[in-house]
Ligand SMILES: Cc1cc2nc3c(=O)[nH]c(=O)nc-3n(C[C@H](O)[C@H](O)[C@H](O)COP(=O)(O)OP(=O)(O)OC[C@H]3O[C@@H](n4cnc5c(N)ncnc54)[C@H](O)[C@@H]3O)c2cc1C
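Single chain ahead, written as structure tokens, the form predicted alone.
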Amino acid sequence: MTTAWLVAGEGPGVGALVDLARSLAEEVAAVVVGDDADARAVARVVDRVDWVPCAAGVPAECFAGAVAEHLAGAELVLAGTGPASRVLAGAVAARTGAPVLTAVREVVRTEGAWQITRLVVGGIATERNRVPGPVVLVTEGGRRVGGEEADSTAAEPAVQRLDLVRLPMSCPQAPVVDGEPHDLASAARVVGVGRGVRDPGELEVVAELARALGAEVACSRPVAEDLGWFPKDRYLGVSGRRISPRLYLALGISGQLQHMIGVRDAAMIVAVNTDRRAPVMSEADVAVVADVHTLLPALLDELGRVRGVPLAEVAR
């Protein structure tokens, strides 16, 4: 019986990994490095969980070597794109002699080998790999699990605690600047901010629009890395987050290839830009040639005119 192992170092955001694992193996197990709530959440959607307790201020990466030993015989290991999960997956790969394949798009089990299609060259091309032995796959973890997916009539899932030896490291936690929780991976609607939103003072209007639409707020890479308006875990693109919402609203984003790779799985892309020749306009399902600063107040005013319908319903 083939067992697919999930490695989670950033909480229960493993929904996409579980879906992929179910399509490839008869059994899905997980090693969760974190607190007991994370372990129990993951346990509700997989067959078994080995939980490695990790206290506050202790990086999950401290357990990389011990987790690698624990999974020394694993044939298939999947991990999300979070930094801790990638380190854990890399340690497992080094211990088992398995290749690590990132940006995975499709996996098929054939006779005696894994056929894996993944993005390469910055996401503009795909590559097909045939791996006959153990393999470690890194891809977007996806939605958080353990909430609505849990069967309310089922017994509390069993979690096996592992007291593994960790490296002697600590990581004092700094105050979180952006205290609002966000979950881009499972968001149904996302509003993206680009350099076209020239004034950081406009971000409150963007946030108001996002609240009206029931959406999360993300950004392009320069807005996070150059301007510092958002945390780096909110920028979308080939080197950032990849999302697949029902609606992606791009505000003042030029839409270079590196960014569009992160949002191309959206069911609908609506772009607002003053430049009708911007790359995003040809990629969008709906392209609006307008100034973001003029459009946003008008859009909010129009949404406010809707009577008897929740604003979140308007975006459906």
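Counting begins at 1, following the sequence as shown. A quick note: this is a predicted structure, and the numbers were derived from the prediction, not measured.
FYI, the form predicted in complex with the ligand isn't displayed, but the following is about it.
- Residues with any non-hydrogen atom within 4.5 angstroms of the ligand in the predicted bound form fall in just one of 234-242, 92-100, 125-133, 160-168: 234-242.
- At least one heavy atom of H293 is located within 4.5 Å of the ligand in the predicted bound form.
- The closest heavy atom approach of V49 to the ligand in the predicted bound form falls outside 4.5 Å.
- Put simply, R144 is far from the ligand in the predicted bound form: not one heavy atom of it is within 4.5 Å.
- Contact check for R195: a heavy atom falls within 4.5 Å of the ligand in the predicted bound form.
- Among the residues A30, V33, I253, V67, the one placing a heavy atom within 4.5 Å of the ligand in the predicted bound form is I253.
- Proximity to the ligand in the predicted bound form, defined as a heavy atom within 4.5 Å, holds among A284, A60, A266, V272 only for V272.
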